[in-house]
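Read the single chain below, which is given as C-alpha cells and is the form predicted on its own.
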Amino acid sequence: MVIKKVRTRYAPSPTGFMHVGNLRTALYEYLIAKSNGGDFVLRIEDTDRERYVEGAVDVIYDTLKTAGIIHDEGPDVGGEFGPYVQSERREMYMPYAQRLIDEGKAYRCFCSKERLEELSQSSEFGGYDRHCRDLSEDEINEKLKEGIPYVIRQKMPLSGKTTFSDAVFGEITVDNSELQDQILIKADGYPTYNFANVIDDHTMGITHVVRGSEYLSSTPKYNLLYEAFGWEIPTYVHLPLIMGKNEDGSVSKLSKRHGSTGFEDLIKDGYLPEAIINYIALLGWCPKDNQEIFSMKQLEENFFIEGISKSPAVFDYDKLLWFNEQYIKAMSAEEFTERAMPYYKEVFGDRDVDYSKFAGILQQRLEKFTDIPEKIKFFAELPEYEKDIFINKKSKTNLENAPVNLQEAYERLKALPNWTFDAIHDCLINMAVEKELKNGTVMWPVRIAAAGQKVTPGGAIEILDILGREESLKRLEKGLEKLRS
C-alpha cells in the first residue's frame, strides 16, 4: 500500500477519562498531520474488555470536539479504511497471526494460567520460558484435539540486536535477548494491544506513530512484527513525560495528587478549552520564536516535529492560569458575557439584570469564569458586615469622617437627575474637589456601604451604576444606619 500523504492516528481505549497526557498525544498527532497537509484518524481500541467503561466513547468524542481536535476519519464520520472500532475488526487479526504461524514466525502456547503464574514468581526466569515454542506438529495437534486453550505468541530472535530510529530520541538499540515472546492473540480470540496496533496502523496507512516515551521499550516488538510481515516501518515520534510538582519541590509523573489531570475536570475547574490546548501544546514542544499564545490554526501552521523535546515537561497550574487569563482578556465584551452567562444566572436566577455592564468590572480582573459567582454575589444580596470595615488608613477614612462623607455623598447622589456612570463619577469626584478630600476618602465609604465588603471587582462608581438608583440609595442608607449605631 503506497500512501504519500502523512497519516496519524489517535487510538484511545474507552476507559472514561481523558488525561492531559493522552490529550497532548492526540493534539500532537493532529498537528503533525495538519502541519504536513495530512489526515488525522480516530480509532477506538476497545479490545481490553475488562477496562471498557460504558459511555466512555462519547467522552472521547466530546473531549476532542470541545478541544477543537477534529478527526478526518473515525467511527462516527467513516472513511475508506474502516471499521474504526477495534472490536469490529476482530475477524481480521487471526488470519495475520495464522500467517505468522505458517511461516514459522509465531506459535501456539498452551501453557495454563497456573503455570505462567508460577513461572512469573520464579527467580530463574524473567518472564515466559518459551516452553511451547518448539512443540512438534503431533503435540500441537493432540492439544488442539483435546480443546486446550491457547494463545499465539511471536517468535522473537534469541540473539542479536534490534535498532530503531525515533524522531525525538534518535537511534535506539535493544538486545534481542531482553525481548519476550509476546502474545499476539489472547485465549479469548482477541488480539493484544501490540498486535492489533501494528495490523491496524499498517492497514490504515498510518505513516507516523505518536505516543508517550514510556512506550519506547515496546518499539522493538512493533518493529519485529513489521519486519516479520515485510511491511514498511512508520516514523516513530515518542513524547516526553508530563510531570507534576510535589510539595517538597521534587517532580513525579503527573497524577491526581497534583490537581486535576483530566480535560473534563480542568474544564469544570474553570479553565477554557482553548487555554488548555494552548498550554498543553507547549508542554514538550518549543516554537521557533518566543510566541506563547497560539490559536489552533496558528498551531497547525507552526508545529514541527523537531521542536519536540526529549526532556520531561512539568505541568504548572499557575502557568495554565496565566494562559486562561490571557484568553479571557482577549475576548470581546459580547463573547465574555455569553461565556459568563451560566455563572451570572447562578447568582441572579431569573432576575432582570443588565449583564453587559459586568464585563467592564470582571474581564480584566478574572482568572477563571468559575470565580464569577463569588465575586458578584454581593450584587444580588448585601452581605452582613461590621462597621469597622469603613476604616481604611490609605483612604484616610475612620468612624468619625466616614458617616459625614457618606451622608454628603448620599445627598448628592439622591439629587442626581440621571443615574448614569458619568453622572455618578462627576458627582463623587466633584464632591472630593469641593471638600478638598482625597478621592479615596469619598469613594471608600460609598463602596463599603454599596458592597458590604472590602474587596470588590470594580470601584464605587461601577458598583452604583450596576446596582441602579433605588438599590444603591437603599444600601447607602443602611450604611449610614450602621455607622450611627
Ligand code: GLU
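None of these values were measured; they are calculated from a predicted model. Counting begins at 1, following the sequence as shown.
Here the subject shifts to the form predicted in complex with glutamic acid, a form of this protein not shown in this document.
Taken together, A11, Y193 and Y215 are fully in contact with glutamic acid in the predicted bound form: each brings a heavy atom within 4.5 Å. Under a 4.5 angstroms non-hydrogen atom cutoff, glutamic acid in the predicted bound form lacks D39 among its neighbouring residues. Residue contact with glutamic acid in the predicted bound form: V210 places a heavy atom within 4.5 Å of it.
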